Structure formats: structure tokens, C-alpha cells
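The chain that follows stands alone, in the form predicted on its own, written as C-alpha cells.
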Amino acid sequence: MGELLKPYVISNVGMSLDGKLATIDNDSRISGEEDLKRVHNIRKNVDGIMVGIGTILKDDPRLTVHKIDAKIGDNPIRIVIDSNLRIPLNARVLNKDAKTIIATTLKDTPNKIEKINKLKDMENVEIIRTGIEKVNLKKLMEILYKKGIKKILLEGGGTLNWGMFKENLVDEVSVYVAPKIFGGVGAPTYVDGEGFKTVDECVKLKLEKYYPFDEGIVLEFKVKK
């Protein structure tokens, strides 16, 4: 079997020292202005930016390049993983600033079919369907690669990050660690999901670079394959 042809995936995250993406009340003010600019520079240099539906429902982001000097053509394609098609039709990620791909499953319900038809009527929106209960991330990567998307910035929450790491689809990790402790057993972490059972199974990283940034530190790793 041939090697999987897929985009190069950079997982970027800002987290507290104890690995949280937000507090128990979903306060996610982690990155300072300079770190936001760092992330937008990465956005400017990739073909696509990927998030899960949880990020859309919680933050309603635009997922464009706007913290640095940029023109509309610098915006990457926005990719939303949305197995049950929960995306609101007025979500900002569906605006005309860039193309948006919504990845959902092959499973149909009357409401889903109706929503797909409404989304298809929108300018710059494309639907990709793969997987039955959950989006098949490996298959999706193959489809995106064939569409010319060669580099993706993954700005997922803990659930999507787990799915991508579990399927060995991440190539690089860039983390801003803020000098803050959030605590909270229910607070979202960088990677959630089922988790690996043993150290032997886990994703292993090679530290490439680290430097002080804002009040914290940036760590850059390559994923060992």
C-alpha cells in the first residue's frame, strides 16, 4: 500500500502551563498580542486552516488573516470538521472573505439534507462528505491534498486534536505556553479524546526550537514518524 498523500499539518495552540486551552468557564484569554501576530503569520503561509465545530460554536471565529498586514487573497481556505452539521448558517466562518470547506459524514437526516442544500447555495462554501458516524480524517486529508491544499494549520480543540494525532496526521507542533495555571478537571486541554493507553503508543516529538515570547515560551516540535 502506498504512502498516504496528505497535506503537511502544523498543530498550533496557546495553552496554560498545565495544558489547558481555557478555564472551567471557557475564558480562553491566553495569548498576548505578539503571539496572536505569530499565529496570523502562520495562517498567511498555509493553504488551509482547520478547526472543529466546537471552536465555531464557542468562539464564532472568522479564521482569516487580520492581526498583521494582509490582503484578502492571503486568507487560507477554512476547513470545519462538523460530523453532525451543527454549524449555524450565520457563522462568521461562512462569510465571503475566503472559501470554506465543511467536512461532514455520509449519514443523512431530513434536517441535515435541508441544511446541506442551504449551505451549497452559499457563495464560497463546499461540502465534503466522508465517514459514517464521524468524519474520516484520513480520507479527508487525501481529498484536500487532491484539491491542492498542501499545508494546513490545525487550530483544533482537544477533540479534533486527538483525532488528528491518533491517526498520525500531524507533522509539526507549535505551542505557546503562557505562565498561568488554570486547573479544573473539566477544563479543555490541548489533546482530549480517549488518550493512548501506554507510552509506547503515544505520539513522540522532537524539539526543534524554543524561545521566550510575550510573557511565556514558544516550543516548536517535529512529530517523529
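These figures come from a predicted structure and were not determined experimentally. We number the residues from 1 along the sequence you see.
Below: the form predicted in complex with a small molecule, not depicted.
Report yes if all three of Lys44, Ile102 and Lys150 come within 4.5 Å of the small molecule in the predicted complex by some heavy atom, otherwise no. Looking in the predicted complex, the three residues Lys44, Ile102 and Lys150 all stay beyond 4.5 Å of the small molecule (heavy atoms).
Quick one: is Val173 in contact with the small molecule in the predicted complex, heavy atoms, 4.5 Å cut-off? The answer is no: Val173 has no heavy atom within 4.5 Å of the small molecule.
Against the small molecule in the predicted complex, would Gly216 count as a contact residue? Criterion: heavy atoms within 4.5 Å. Gly216: no contact with the small molecule in the predicted complex.
Can you work out whether Asn12 and the small molecule are in contact in the predicted complex, taking contact to mean some heavy atom pair no more than 4.5 Å apart? Result yes; Asn12 sits at the interface with the small molecule in the predicted complex.
Considering only heavy atoms, tell me if Val177 and the small molecule come within 4.5 Å of each other in the predicted complex. Val177: no contact with the small molecule in the predicted complex.
Answer option from Lys139, Arg129, Arg92, Lys115, heavy atom within 4.5 Å of the small molecule in the predicted complex: Only one option qualifies, and that one is Arg92.
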